[in-house]
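As structure tokens, one chain now follows by itself in the form predicted alone.
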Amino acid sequence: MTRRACGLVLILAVTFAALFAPLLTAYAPTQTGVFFLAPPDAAHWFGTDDLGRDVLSRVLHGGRASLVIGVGAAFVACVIGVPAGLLAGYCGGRVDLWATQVMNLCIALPGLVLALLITAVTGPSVLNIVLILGFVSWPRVARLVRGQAFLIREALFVEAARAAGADAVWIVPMHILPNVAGVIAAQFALTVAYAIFTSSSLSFLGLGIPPPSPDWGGMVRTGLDYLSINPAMGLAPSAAVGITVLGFYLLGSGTRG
């Protein structure tokens, strides 16, 4: 099985578990109980947390927010980065010079630190996290697209289109963009993996989705305090993050390579 196929299987499994979470567990993610920090048993496969909530239910439902954040942030990054990269790569000259400097400047800034600062100012919410991570991720998308567009603009079929009288408004969407679509798809998947990991890191640091909504990073942080009592509280969401990130990484790297 190829890397892309393995990644797709993992992504489909995580997506299925998140979408059909209410059917896969008998407990609501915010439903509290009287059995606090119960170990795994037949009723609670991963035990319960410090408020008596079912850990398995919270892990499954937490996948929804993580997938929304990951895909949403990648979409925002591509909406900004793809046009910027196409413009810089095709136009060249001063446009390319200034665009490249802006990309390099944004890439030089630590992504997690920048996300922490912006989230602390704007406040944690799903929409804010999506926009912030998309803004942090767009320069990498733009730089990759710019490099591909710079090469393709010298191809013979592009020269033929210019000789036939076509301008940039026609050439870029009809000739350049289709030939970089595979690279964009690969980078989209890798950006989803980055966004999910970074959003979990923000939640771990207390700047993620506000409780009581289930969130993998927040669950890992809480689970550390009770690792000796119920290790599944921290290990289960950690495994969920790892599997999801690995799936998108394999899909992206397999598509690119």
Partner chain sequence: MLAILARRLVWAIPGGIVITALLFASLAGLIGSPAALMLGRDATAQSIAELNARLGFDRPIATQYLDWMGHALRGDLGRSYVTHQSVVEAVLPRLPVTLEIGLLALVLATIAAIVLNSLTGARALIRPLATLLAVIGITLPNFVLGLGLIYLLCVTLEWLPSVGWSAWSNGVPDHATHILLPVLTLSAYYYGSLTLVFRAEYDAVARRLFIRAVKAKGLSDQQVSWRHTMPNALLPVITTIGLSMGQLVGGAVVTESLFSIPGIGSLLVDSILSRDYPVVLAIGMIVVFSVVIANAAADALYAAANPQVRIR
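What you are looking at is a predicted structure, and each value in this text was computed from that prediction instead of being measured. Residue numbers count along the first chain shown, from 1.
We do not show the form predicted together with its partner chain, though everything after this point is about it.
> Honest question, do 5, 10 and 19 all end up within 4.5 Å of its partner chain in the predicted bound form by heavy atom distance?
Spot residues vs its partner chain: no contact at all.
> At the 4.5 Å heavy atom threshold, is residue 117 in contact with its partner chain in the predicted bound form?
Yes - in the predicted bound form, heavy atoms of residue 117 and its partner chain come within 4.5 Å of each other.
> Residue 217 versus its partner chain, in the predicted bound form: is there a non-hydrogen atom within 4.5 Å?
Within the cut-off, so yes.
> Considering only heavy atoms, tell me if residue 194 and its partner chain come within 4.5 Å of each other in the predicted bound form.
Contact with its partner chain, yes.
> Would residue 213 count as a contact of its partner chain in the predicted bound form, using a 4.5 angstroms cut-off between non-hydrogen atoms?
Residue 213 lies outside the contact set for its partner chain.
> In the predicted bound form, which of 218 to 226, 66 to 74, 43 to 51, 24 to 32 comes within 4.5 Å of its partner chain (heavy atoms)?
That would be stretch 218 to 226.
> Quick one: from 87, 183, 107, 126, grab the residue that has a heavy atom within 4.5 Å of its partner chain in the predicted bound form.
Partner contact (heavy atom, 4.5 Å) among the options: 107.
> Among 79, 113, 97, 151, which has any heavy atom within 4.5 Å of its partner chain in the predicted bound form?
Comparing distances to its partner chain in the predicted bound form, the residue within 4.5 Å is 113.
> Who in 230 to 251 is close to its partner chain in the predicted bound form, meaning a heavy atom within 4.5 Å?
Counting only heavy atoms within 4.5 Å of its partner chain in the predicted bound form, the contacting residues of 230 to 251 are 231, 234, 235, 238, 241, 242, 245, 246, 249.
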